[in-house]
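For reference, the chain that follows is the form predicted alone, supplied as structure tokens.
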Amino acid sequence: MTASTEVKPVATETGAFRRWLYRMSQKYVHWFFIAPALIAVLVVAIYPIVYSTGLSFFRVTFDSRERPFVLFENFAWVLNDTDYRVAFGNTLLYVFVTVSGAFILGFGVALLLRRITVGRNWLRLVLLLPLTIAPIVVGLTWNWMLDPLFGLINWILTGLGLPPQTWLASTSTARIAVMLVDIWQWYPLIFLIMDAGLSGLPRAPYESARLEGASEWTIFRRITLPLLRPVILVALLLRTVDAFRTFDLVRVMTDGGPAYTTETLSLYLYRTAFNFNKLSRAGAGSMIMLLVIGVISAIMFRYLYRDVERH
């Protein structure tokens, strides 16, 4: 009797601990799955942003032993730098043209694909191929195709009786060429998003509109576009943020030339940090760039959720 009486408290405490451990595991089990992603975001995104922000308030180089606090001196230097303003203007133009072009092409292809019934899945796979290629590979491939002596594009032009062009060496064509390559690579992203949005549209409004004799243009303008507005804004937001960060494609194709006509903010910040050894000024420029992207994203998000609540 004495032995059994002594074992009971231990068994009871063990059972209570197991029940408590089970309740805690069930209550916080979602953190077990979220933790790897949170750690990756902290290491890859949050920490560099915080470090770069702190760096922009000091004067720092690769070989500096002291880091004097200069407050907004780096921001003032960047904003007064002519090269930064040129790169900023190039980036705004680049974002506007590439995002607009990719959206028009991707949305148009998505609408046309809805009318195709035979081989739609295979055609969708072919259309998505540019998105699967790394930007560096895309840049190298198009460099060869646009080569003034041995490029495929000039070979076609010569066959048509037209004079060959120095596509990436001329200020009048280099910017256009890079933008067209960017549109070619990223229109499948818009196409994929819009195709998924079109697949999820309800059929009832379309059937009612056709019964009432509405034209295809009226149906598209009055039904399709309003229903797809949240999807359109999400697609534009994703592409806009990504276009602002364009670096590798421009770096491989033109390296910012000729005469800085294709230099983007990312390429400017790279040169400032690693070529001119001005880490803190590059950090200040990246903070200004991040602020601009944040403002644009906030405006688009506000418009998106206001439209969703209205409907």
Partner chain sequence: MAISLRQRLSAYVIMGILLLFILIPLVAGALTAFKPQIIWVSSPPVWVFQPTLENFEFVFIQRQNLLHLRNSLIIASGSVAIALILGVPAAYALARFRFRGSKGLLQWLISLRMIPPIVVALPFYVLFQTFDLRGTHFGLILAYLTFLIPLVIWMMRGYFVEIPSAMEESAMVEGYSRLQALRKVVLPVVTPGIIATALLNFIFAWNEYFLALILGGRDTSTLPVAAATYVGRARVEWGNLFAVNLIIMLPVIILTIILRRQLVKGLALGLVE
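Positions refer to the first chain, counted from 1. In this text, all values refer to a predicted model and were calculated from it rather than measured experimentally. Rigid core here is just the name for the largest C-alpha set that superposes within 1.5 Å across the two forms.
One more form of this protein exists, namely the form predicted in complex with its partner chain; it is left out here, but the text below deals with it.
- prompt: Using a 4.5 Å heavy atom cut-off, are Ala37, Ala45 and Ile133 all in contact with its partner chain in the model of the complex?
  reply: Yes, all three are in contact.
task: Identify which of Ala196, Leu160, Leu225, Leu211 has a heavy atom within 4.5 Å of its partner chain in the model of the complex; exactly one of them does.
output: Checked against the cut-off, the match is Ala196.
query: Tell me, which of Leu105, Leu92, Leu201, Met179 has a heavy atom within 4.5 angstroms of its partner chain in the model of the complex?
result: When its partner chain is considered in the model of the complex, the option within 4.5 Å is Leu105.
query: its partner chain isn't shown here, but in the model of the complex, which of 69-77, 92-100, 171-179, 134-142 has heavy atoms within 4.5 Å of it?
result: Heavy atoms within 4.5 Å of its partner chain in the model of the complex occur in 134-142.
- prompt: Can any non-hydrogen atom of Trp122 be found within 4.5 angstroms of its partner chain in the model of the complex?
  reply: Judged by the heavy-atom cut-off of 4.5 Å, Trp122 is in contact with its partner chain in the model of the complex.
- prompt: Does any heavy atom of Ser52 come within 4.5 Å of a heavy atom of its partner chain in the model of the complex?
  reply: Result yes; Ser52 sits at the interface with its partner chain in the model of the complex.
query: Is there a heavy atom of Thr254 lying 4.5 Å or less from a heavy atom of its partner chain in the model of the complex?
result: Close contact is absent here: in the model of the complex, Thr254 is far from its partner chain, nothing within 4.5 Å, heavy atoms only.
query: Would Ala259 sit within 4.5 Å of its partner chain in the model of the complex, counting heavy atoms only?
result: Judged by the heavy-atom cut-off of 4.5 Å, Ala259 is well away from its partner chain in the model of the complex.
field: Stretch 225-250 - residues with a heavy atom within 4.5 Å of its partner chain in the model of the complex
entry: Stretch hits, in order: Val231, Val234, Leu238, Val241, Asp242, Arg245, Phe247, Asp248.
query: Has the Cα of Ala37 moved 2 Å or more between the shown form and the other one, judged after a core fit?
result: For Ala37, whose C-alpha is compared between the shown form and the other one after core superposition, the shift is 2 Å or more.
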